[in-house]
Structure formats: structure tokens, C-alpha cells
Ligand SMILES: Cc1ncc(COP(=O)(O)O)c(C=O)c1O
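Below sits a lone chain in C-alpha cells, taken as the form predicted alone.
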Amino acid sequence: MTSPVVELADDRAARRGLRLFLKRDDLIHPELPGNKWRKLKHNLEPARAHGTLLTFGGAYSNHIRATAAAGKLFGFATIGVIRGEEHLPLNDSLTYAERMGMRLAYMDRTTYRRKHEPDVVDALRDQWGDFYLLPEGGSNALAVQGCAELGAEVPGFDVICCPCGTGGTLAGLAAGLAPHQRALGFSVLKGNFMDGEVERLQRETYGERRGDWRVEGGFHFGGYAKRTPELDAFIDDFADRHGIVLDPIYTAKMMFGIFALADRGAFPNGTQILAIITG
């Protein structure tokens, strides 16, 4: 599955001599949009082979929703380990996951920070039996391979941008680009660890760092799922200009960052920029 590319007519880019395009990965699939599909695509077969997939996420995680939907669509059981305590009634995301057949478990935040350590995983296997383990956010070597396929879909662009939560999309995207292209990721989390995560995923997948890429860490607006009146005003203005509602967790922060960098003169005149709306 591929997604359409549309040019965005916006004076904030035009006055800097830039052309800005959106790749509407959010339109790939109604239940498995954007990078969720790309990350899950190559993980489906091992999940089916095991019969059960276990993964992690917060109470509002789109990854949890998409994984639950994938299990329903492709015929394997799913378990979602949710950070924190259970709160009833369930929110819309977890209600949807349960409706798709996902079994939900809850893990205290202290243990959750150690979720991939062997003793925690062993305890989960004692509780749930055998399963295929998919990391939080779905970012593993197979996910990177799926995201690398983006490279073949974006010829002709100079800079390709994506938001970064776990680093898998940027790791794959950068690896799949042509030598003259570069990838720019916008971290939605506080801290300076995203570069290391992207490189770790590339080395896990390919044995080396690949592609021309960097992470921009200045547009997280306070951290994951944090927002400010400035970001909310940007989202409203973007919707008025273009009829597209950006999500405040990922794509709004990326688009805000692109315009801010353009205003600072970060992109040479004539640059063609593609922003991936990851869904």
C-alpha cells in the first residue's frame, strides 16, 4: 500500500523559495494508518507463526489500537501491556482495542520502565504463555525494514521529514533514501536520546548507520503528549488554511518545526520538502 503526495500552497514556505509537500500516510488504511502499517507489515508473519503478539503502550497509544486491529484482521491473538493502573470506564482507545479482541494487562510505572529486561519478559511469559514480543511503538528491525520502503515512494524530494516517538520511522526512512536526499526527524519527546535510538535501530537492522539524517529536538512543546496554546493556535490555523487537522502529539509538532526552521533560513532556496503525515 502506498499513499498520495499533495503539494501544500502556503505562503510561509513560498516566501522562502521552498516547495512543501505532504505524504498522506494517514490515508493508507482506516484501521492501520501510516507508519503503524509500515511498522507492522513485516511483523505480521512472525506474529501469526507464534499465534499471539504481546506489546506495550500508554492508555491512549495509537500503536495499541493498530496492533489490536492487525490481530483481528490477520488472525492472531494480541495482548496489550498498558503503562499504569486500570481506569474504568476504559477510554476510547482501550475500548476499541478490547473490541478488536486484545487482552489488556496493566503494569506499574516502575516495572514498565524495565519492560524489556529479561526478568520482566520472563514474568510475562509465565503469565501469558508463549508470544511474539513487539516493542513499545512497534519499532524493531522488521519495522525499520517496512519504513525503509518509504524511500522508493519519495523520489525527487530534497528533505523528507517525519515525527519521532521511538525512532523506527526515521531509522527506516533514512536508510531507504537515495544518496542525494536527507531525512529530518522531529522528536516529540524531551531529552537528547533520540539520535542514539535511531542509530541503535539502524545498527540492529543493517549492522551500520545508514543515510543522511538528523533529529531536531527543539519542537517537543514540553514532551510527549504535551501541548501549549501556541501549538493549539498553529493547529487551528493550519486547519483553516488547508483543511487538514494535525494531531497534537506528532504531526503538528513536525509541521510547526518545519515552518520555524524555514523562517530561520535553514533550507536553501529551491528546496523541495516532503512532510510525512504518519497517521
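Quick note: we count residues from 1 along the sequence shown, nothing fancier. Bear in mind the structure is a predicted one, so any value in this text is a computation, not a measurement.
One more form of this protein exists, namely the form predicted in complex with this ligand; it is left out here, but the text below deals with it.
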* Asked: Which of Gly146, Gly185, Gly71, Gly165 has a heavy atom within 4.5 Å of this ligand in the predicted complex?
  -> Gly165
* Hey, in the predicted complex, does Asn62 get a heavy atom within 4.5 angstroms of this ligand? -> yes
* To do: Report yes if any heavy atom of Lys253 sits within 4.5 Å of a heavy atom of this ligand in the predicted complex; otherwise report no.
  => no
* Partner proximity in the predicted complex: Ser139 to this ligand, non-hydrogen atom cutoff 4.5 Å -> yes
* To do: Determine whether any heavy atom of Arg38 comes within 4.5 Å of a heavy atom of this ligand in the predicted complex, and answer yes or no.
  => no
* Structure fact -> Among 234-242, 214-222, 30-38, 43-51, the stretch whose residues bring a heavy atom within 4.5 Å of this ligand in the predicted complex is 30-38
